[in-house]
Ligand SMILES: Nc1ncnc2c1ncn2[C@@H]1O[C@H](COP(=O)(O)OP(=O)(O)OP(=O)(O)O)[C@@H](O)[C@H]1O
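This document starts with one chain, in the form predicted alone, laid out as structure tokens.
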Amino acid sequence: MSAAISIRDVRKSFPEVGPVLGPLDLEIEPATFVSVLGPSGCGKSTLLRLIIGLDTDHAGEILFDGEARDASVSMAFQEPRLLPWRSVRANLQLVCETADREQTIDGLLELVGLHEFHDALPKQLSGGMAQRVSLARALVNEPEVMLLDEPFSALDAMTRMRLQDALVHIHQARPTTTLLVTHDIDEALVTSDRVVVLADRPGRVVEDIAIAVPRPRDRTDARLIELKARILRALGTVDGTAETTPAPSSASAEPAAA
């Protein structure tokens, strides 16, 4: 069963750099898909660590269904982090705690499109396939909350788009409360119910945008293009295009290195 997440006046500092996050207030409804965007260093990944409980040294409250309780939270990272000497199935068996373990694993492998590769070793998988295993592993114990920390950032553009579409399909089939940290605005717009934009450090919410476009979404949809411009402005750009330093004139420019 999915859980609501309430983040109330959360603040996080590190001795070396000072405040990195907050004050942050955010409400995430159960079974919804929310993406978090923001400049590098604004505390996006730190927020995920606080939610999953890897770091408890913070001010403010993080509640699940309105209670200060431990919740079932899973996480998928930028790298699949599969054990190279174990097959796809064996990697999932290692963490699966359900009573009907093999049936659960079979269902997830079907869901992520890898059932025929259940005996393959990680070295026999493409990067996209390995990340599908990572998503299956994050879902194998039916978590209340799933956290995704830029899971597709290391993949090529076409593979990334295919996995974004697969992620939408997975969430529709298993509507777990999902929080995705990404730098990819298009990824956020294609996958999410809401996009939350954080300001530069310390991270604070500057935009919280509902995406009321039916799925599956066309990346060229005018409504998504308009929302992308709004997000770019919120990220500190000018008129939806990034600020750039003017190039030197041809008279003063130095020759480029070969």
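Numbers follow the displayed sequence, beginning with 1. Everything numeric in this text was worked out from a predicted model, so none of it was measured.
Although it is not shown, the form predicted together with the ligand is what the next lines describe.
The stretch in contact with the ligand in the predicted bound form, judged by heavy atoms within 4.5 Å, is 44-52, chosen from 57-65, 188-196, 44-52, 22-30. Taking the partner from the other structure, the ligand in the predicted bound form has a heavy atom within 4.5 Å of a heavy atom of His183. In the predicted bound form, Glu142 stays away from the ligand, with no heavy atom inside 4.5 Å. Residue contact with the ligand in the predicted bound form: Glu150 places a heavy atom within 4.5 Å of it. Among residues of the shown chain, Arg215 is not one whose heavy atoms approach the ligand to within 4.5 Å in the predicted bound form.
Proximity of Phe14, Val17 and Ser40 to the ligand in the predicted bound form is complete: all three residues have a non-hydrogen atom within 4.5 angstroms. Interface residue among Arg223, Arg233, Arg201, Arg219, judged by heavy atoms within 4.5 Å of the ligand in the predicted bound form: Arg201.
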